[in-house]
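Coming up is one lone chain in structure tokens, specifically the form predicted on its own.
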Amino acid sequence: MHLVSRARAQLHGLPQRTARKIRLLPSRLRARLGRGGDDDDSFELHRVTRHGAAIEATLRALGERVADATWSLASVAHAPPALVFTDVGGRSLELRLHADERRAYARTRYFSLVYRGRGELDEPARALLDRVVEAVRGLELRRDAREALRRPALTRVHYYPSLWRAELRPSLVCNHQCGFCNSVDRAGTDNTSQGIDDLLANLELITRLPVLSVAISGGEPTLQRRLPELIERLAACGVSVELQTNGMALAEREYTTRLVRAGLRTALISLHSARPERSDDAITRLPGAWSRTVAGIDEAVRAGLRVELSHVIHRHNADETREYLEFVRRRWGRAALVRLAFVAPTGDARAQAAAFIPRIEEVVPHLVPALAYARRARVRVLMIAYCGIPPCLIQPEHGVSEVARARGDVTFSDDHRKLPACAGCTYERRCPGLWTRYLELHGDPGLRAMT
């Protein structure tokens, strides 16, 4: 949470422009922001894209066609595409259209159909669902209708009030195939991002917020042709722009220079191994990717960007943390900050947890000596909090954790858990504990209170 303290220092007195922005926000957002910079509760702002109206019309026409005397169409949803019906007794039944393979009521050629409702399916409910399935099968024979349902319906801006920061994901498409990627359900229509065109069309969603910085994430944002334009428009609004990338495109000096001139200030670049073969074969699964990413980091440093390296520790690289830090020191010295994370059971890794998530007890014997080396060699390292390893497990090097550096209490979502042993810890009100899924998979790695 080092960004929190930096943001608060900048906001010791809110500038008039920021205060004016807060006053112009809708009352429901002013109420959320009114809790101040100590609130870590992030949220999303949505706006229907130019395709959203067509999607809504398509869904409404389909829902009204299958409704009967028992079930009437109550509403439709954009992300994921969904129809909600109610019966004469007030019971609700929702049918969602997903593009990915998952446990489903039925599958058509292009969609998995998943229902949500209370209680067991009775005959009238099942008959309704079957009619919807057949209607979708007929609809998807028309390419225009099929593609409409698969296109983005919402522009989304994720906002972090405590950091005065927004995050944009123009696309979840990536030219790396990392099995532990945390871009949730990349194949699903419920998480298909909007593209830069729609972000640019709805830029006021961002500019009306009291934002100091904007992160452009993905997927891989450099695959978007209009990325320089988005950076330029954001920078013109007076915000600091960060690009989260695999860095390969930055190997082209002319392209990196163009992004810097557009207003890019920070590059968070993913590099998960110091070994080219391991990286290309077992991690990114793209031949030649490691060399291009390293060249991209070289160019980012040369261009004067603030460079941070994202390094996710997982089963395929847990034994090489010191080797990695030594490589960073030799190649870039203190020009790059290494942001260490521990693989999270989200996104792609949720379904492949056993393949990618090692026991922390197996990682610590490699990690702690590596952190000790970094301290002695003055390599800039930070263990992030939310997807990191609790400080009690990396003693005596716990000072490298964001948890140890945070100021004030931090609120984390309920996908993390603490154990009774955490009671009374110095970091009890700042540490998120461990992912619930990790504890289910591997159990307690030895959490204990630090005093």
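Only a predicted model underlies this, so the values are computations on that prediction, with no experimental measurement involved. We number the residues from 1 along the sequence you see.
Same protein, other form: the form predicted together with a small molecule, not shown, and the subject of what follows.
Residue 217 is the only one of 273, 112, 217, 162 with a heavy atom lying within 4.5 Å of the small molecule in the predicted bound form. A single residue from the set 344, 370, 136, 289 has any heavy atom within 4.5 angstroms of the small molecule in the predicted bound form; that residue is 344. Contact annotation for the candidate site: 279, 321 and 327 all lie away from the small molecule in the predicted bound form (no heavy atom within 4.5 Å). Of the heavy atoms in residue 268, some are within 4.5 Å of the small molecule in the predicted bound form. Put simply, residue 71 is far from the small molecule in the predicted bound form: not one heavy atom of it is within 4.5 Å. Using a 4.5 angstroms limit between non-hydrogen atoms, residue 180 touches the small molecule in the predicted bound form. Proximity of residue 256 to the small molecule in the predicted bound form: non-hydrogen atoms within 4.5 Å are absent; the residue sits far from the partner.
Of the candidate stretches 144-152, 81-89, 309-317, 257-265, only 309-317 contains residues with a heavy atom within 4.5 Å of the small molecule in the predicted bound form.
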